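As a starting point, one isolated chain is supplied in structure tokens, in the form predicted on its own.
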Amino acid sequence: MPSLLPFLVLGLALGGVFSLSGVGIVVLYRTTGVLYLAGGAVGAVGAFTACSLATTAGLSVWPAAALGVALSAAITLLYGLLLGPRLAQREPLVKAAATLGLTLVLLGTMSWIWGAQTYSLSLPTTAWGIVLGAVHVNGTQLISLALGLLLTAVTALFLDRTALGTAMRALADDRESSALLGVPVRRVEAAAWLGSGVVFGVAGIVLSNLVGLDITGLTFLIISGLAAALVGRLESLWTTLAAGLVIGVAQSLLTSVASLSSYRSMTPFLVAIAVVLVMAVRRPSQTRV
């Protein structure tokens, strides 16, 4: 049992990142109605940009990471400003497919720029940490979990207690009625796109330190975040947080089992399917009551 502790620690750290991504997806969906599938790709662009700035431009790690996050946020904001209004009245499938197109463009661009070499980016927080039993928990792992918890709490308070958060919730309920009531739709949506871009950028930087700089791996971070968001029904931030942690821990623990480790990438799908089936079974009984 003690040998599972390192995998549990890593799983909680990964779960924190998955939760970050899931919360970004939920907030953007609740505000704009767009299921954003390019979050992993924009996070990967930010991480590789930060690595390039730190290794070739001579910047220290933190300024390079900040610029990488800024680029992720800028890409997401630009996409939202240019295509968001055009997608507003389209079907959900069309909206999701449009963001998948952005994913493919970014994936191809990263492969062209960075695909020929091996890169690594190490945050200073990885060098310090605490000892938990026989396991050293580094600072990046602690920050990953803390970010997931903190972002969920702050976002929930923001949506419930601030004027901008109220406007975001109003847009999710009825975009046209909100506009008639004087809600500045474009500005509110721009804030949602920008905030989500920052979240995906931070998730990409942190994940690159947990599992390494890999174009495909970082791009498909969105799968775990999306699964967590779907478990939360694209509504509940706290359920999304819990689902992200469960997915991260389950995926990491499977790594410790040799016969199952090759199937760990299926974890997000299995968790999402299991929750959907449970909800489907419970709903008829609740209806009868």
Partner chain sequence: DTGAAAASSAKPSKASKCGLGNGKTATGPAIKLGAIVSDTPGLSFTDVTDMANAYFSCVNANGGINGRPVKLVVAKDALDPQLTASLATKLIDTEKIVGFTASSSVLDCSVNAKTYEKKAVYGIDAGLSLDCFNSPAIAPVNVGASYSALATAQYLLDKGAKKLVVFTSNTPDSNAVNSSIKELGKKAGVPVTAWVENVPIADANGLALKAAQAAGAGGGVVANLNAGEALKVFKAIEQQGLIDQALWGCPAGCNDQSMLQQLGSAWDGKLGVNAEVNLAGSPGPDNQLYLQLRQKYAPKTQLGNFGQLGFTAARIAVQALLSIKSGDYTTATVGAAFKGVKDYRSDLYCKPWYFGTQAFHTANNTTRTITPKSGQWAQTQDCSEMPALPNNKFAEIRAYEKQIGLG
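Residue numbers count along the first chain shown, from 1. None of these values were measured; they are calculated from a predicted model.
Just so you know, the form predicted together with the partner chain exists too; it's not on screen, but the next bit is about it.
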Inset, instruction - Find out whether any non-hydrogen atom of residue 262 is located within 4.5 angstroms of the partner chain in the predicted bound form, and reply yes or no. - result: yes
Inset, instruction - Consider residue 138 of the chain shown here, and say whether it contacts the partner chain in the predicted bound form, taking contact as heavy atoms within 4.5 Å. - result: yes
Inset, instruction - Indicate whether residue 212 is a 4.5 Å heavy atom neighbour of the partner chain in the predicted bound form. - result: yes
Inset, instruction - Determine whether any heavy atom of residue 60 comes within 4.5 Å of a heavy atom of the partner chain in the predicted bound form, and answer yes or no. - result: no
Legend entry - Options 68 to 76, 147 to 155, 195 to 203, 118 to 126; stretch whose heavy atom lies within 4.5 Å of the partner chain in the predicted bound form: 118 to 126
Legend entry - Residues of 4 to 29 having any heavy atom within 4.5 Å of the partner chain in the predicted bound form, listed in sequence order: 6, 7, 10, 14
